[in-house]
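Just one chain follows, in the form predicted on its own, and it is written as structure tokens.
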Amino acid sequence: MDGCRQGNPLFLMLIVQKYGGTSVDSFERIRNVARRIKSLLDEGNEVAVVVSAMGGVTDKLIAMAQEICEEPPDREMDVLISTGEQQSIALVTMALNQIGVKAVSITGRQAGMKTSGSHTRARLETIDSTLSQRYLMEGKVVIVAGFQGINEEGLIQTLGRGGSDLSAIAFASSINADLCQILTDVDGVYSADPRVVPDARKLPEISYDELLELASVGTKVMQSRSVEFAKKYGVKFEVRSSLNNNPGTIVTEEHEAMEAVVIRGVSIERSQARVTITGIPDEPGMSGRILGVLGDDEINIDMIVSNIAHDGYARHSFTMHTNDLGRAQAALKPVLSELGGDANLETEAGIAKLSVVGIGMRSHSGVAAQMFKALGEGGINIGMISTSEIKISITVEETRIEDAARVVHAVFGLDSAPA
């Protein structure tokens, strides 16, 4: 998705900004967005903007559809929901024109965003930025409707949850922007949820891989696919607040200095459940049969631990969201019958997952031991354990998850800035 921009010496930087629904959920906030854009221009930057629907508008459109039809067709939902972003881009453009800034709004289709896959959850394939480039060369601020594109048949498709972030990062790649700013109601990525860990600290920078891992284990700042796209195409972006001018968190490729920080952040996920199947014959294909029926029922499995017990039978444990527990039990019942009388199903709700993430784990040993020792001294019992190259995840009782987060955050010194 590389663009053709060679860089305009008249400007300091080409910046793409993305404003979420809360940033444009009132006329005053829309005017505030316009003033922020103008301030970037006044500093000598070139600017393009991707905008979400005004806060609450998408929900209202969905409610309207459901008043008409119990199960609205996805194709028509895309046509309807995409109008939310079109309202926003027109209003932001008007606000800019009102304060003397030349701006023009364009839909996802006009921005050349080509999609594929299913309606309401399409994939973004390519961007033809010809029109956007032309407007930028004319000295205009381009205001792009996020969350939408068109497929090869020319039909409107929306990109699903986090689609506006993906639109912004992909658009920044297509025009070779120097920086993409994701402006929202949070002012960066924190070492932990400040509502759980009062000493949590905003991170000045984080690597793509670290943010991907944090996104996969409960951090809600960015959707994984947006970060994956940024990593694939080398798009440097910043997460920052649209409500103040504080610096945010820069997300970029990892570098040597990052390895000095062993743990970057702590994340928690509540409402988890554990399923354990015992008495599984130790034969090839057993895991595939068990996990296959869960996949067929679209039940997402998280942590998986398998081993062979002393009696020679296999034992599988895995976690999922508590809401999926009943469906999982129903899906597994026929499989248990096939496995024979020794197979047994055990479940446990009321657990939560805690994860620590940091690329510094690659070059530092003893991280798990330090973490487990601190939890033990805090009287917190550990259940399942899962690891990757830069992540350690554990389960604990949900009633102790906040205590566990604070203990781990403190033992790794995340409440203080690195030297």
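Numbering starts at 1 and runs along the sequence shown. Predicted model only: the values in this text are computed from it and were never measured.
Another form, the form predicted together with a small molecule, is not on view; read the next lines as being about it.
Undergrad: Using 4.5 Å between non-hydrogen atoms, is S164 touching the small molecule in the predicted complex?
TA: Heavy-atom contact with the small molecule at 4.5 Å: present for S164.
Undergrad: Within a 4.5 Å heavy atom cut-off, is T58 in contact with the small molecule in the predicted complex?
TA: Heavy-atom contact with the small molecule at 4.5 Å: present for T58.
Undergrad: So in the predicted complex, does A48 come within 4.5 Å of the small molecule, heavy atom to heavy atom?
TA: The answer is no: A48 has no heavy atom within 4.5 Å of the small molecule.
Undergrad: Would E85 show up as a contact with the small molecule in the predicted complex if we use heavy atoms at 4.5 Å?
TA: E85: contacts the small molecule in the predicted complex.
Undergrad: Here the chain is shown alone; which of I394, V357, A34, A53 has a heavy atom within 4.5 Å of the small molecule in the predicted complex?
TA: Partner contact (heavy atom, 4.5 Å) among the options: A53.
Undergrad: For the chain seen here without its partner, which of 253 to 261, 172 to 180, 156 to 164, 133 to 141 has a heavy atom within 4.5 Å of the small molecule in the predicted complex?
TA: One stretch meets the cut-off, namely 156 to 164.
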